[in-house]
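First, one chain by itself: the form predicted on its own, in structure tokens.
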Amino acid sequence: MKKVFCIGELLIDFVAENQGKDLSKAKEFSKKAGGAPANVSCAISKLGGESLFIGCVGDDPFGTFLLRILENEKVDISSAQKSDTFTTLAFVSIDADGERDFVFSRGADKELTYDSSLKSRFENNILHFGAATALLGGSLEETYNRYLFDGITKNAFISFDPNYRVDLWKNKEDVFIRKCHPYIEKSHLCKFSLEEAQLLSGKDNLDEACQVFHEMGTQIIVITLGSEGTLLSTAKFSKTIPSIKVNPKDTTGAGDAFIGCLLQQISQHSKFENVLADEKLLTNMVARANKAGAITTENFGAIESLPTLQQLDS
């Protein structure tokens, strides 16, 4: 079994449940653990995989709370760091359809520093670059870029999810696109939402978008389409794989559950080439990941809503 290293933010989500999408009208918030790479690491661990989280939290009660949750989920937090800067916060409102609105108060996540001792541990394992904040500057961005280089030199399987947030890149979309392209070029697997695929490819048509991404270098593309399922594309085939029907309450962790489940399955195989060459295997993997994402939307809070093996197998 390969280890999956998840790099990026771990933060507090203050969630306004069932109070509409307008954050300005929310009065009550629940404290939840969040941050896309942390969610992915928990998704992998819950399904029996080996995940390691690399990120930075504040040396404060929120940071302690967050690391304890990851530890309880059996995520390896030996490479997590603490900073004097306060733990990053996100305020999230969720409407009746499970759709959300975000406001970030950025803190310690940007302080992550490079750890040269990790390079040797990356060899023949999996690196997942799925942070929403990593390309915003600070020490985290420099560290993120160095770990990408390390992963390439150590023959790691590279996974990339841009996790685009409109509020974080308002009037700077061109910068976001420019910073994402090297990751698309070097990744074996890229996971996009519909909006991300169109933004980063410059194409409205998804077949054309996939062609752009394949020409850039990525070998497996998955574009999540909500209730419609997921578009899976390789150089040899392209198909949309349906998802299961659910009544969503909160879509916050669905994409993270999806990619976590997919990476957990890939981690069970010693050679990536065997996965890439097997259309039936890849199709079944994505179908299972669709189910994981759908189940996660049925409750509030990303990590506590992530499915177990028993739920996926039922």
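Model, not experiment: these values are computed from the prediction. Throughout, we count residues from 1 along the sequence that is shown.
This next part talks about the form predicted together with a small molecule, which is not shown.
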Between V246, L276, A26, I69, only one gets a heavy atom within 4.5 angstroms of the small molecule in the predicted complex; which residue is that? V246
Which of 182-190, 237-245, 81-89, 211-219 has heavy atoms within 4.5 Å of the small molecule in the predicted complex? 237-245
Check G255 for me: does it contact the small molecule in the predicted complex (non-hydrogen atoms, 4.5 angstroms)? yes
Would T251 sit within 4.5 Å of the small molecule in the predicted complex, counting heavy atoms only? yes
With a 4.5 Å heavy atom cut-off, would you call L225 a contact of the small molecule in the predicted complex? yes
Touches the small molecule in the predicted complex: G229 (any heavy atom, 4.5 Å): yes
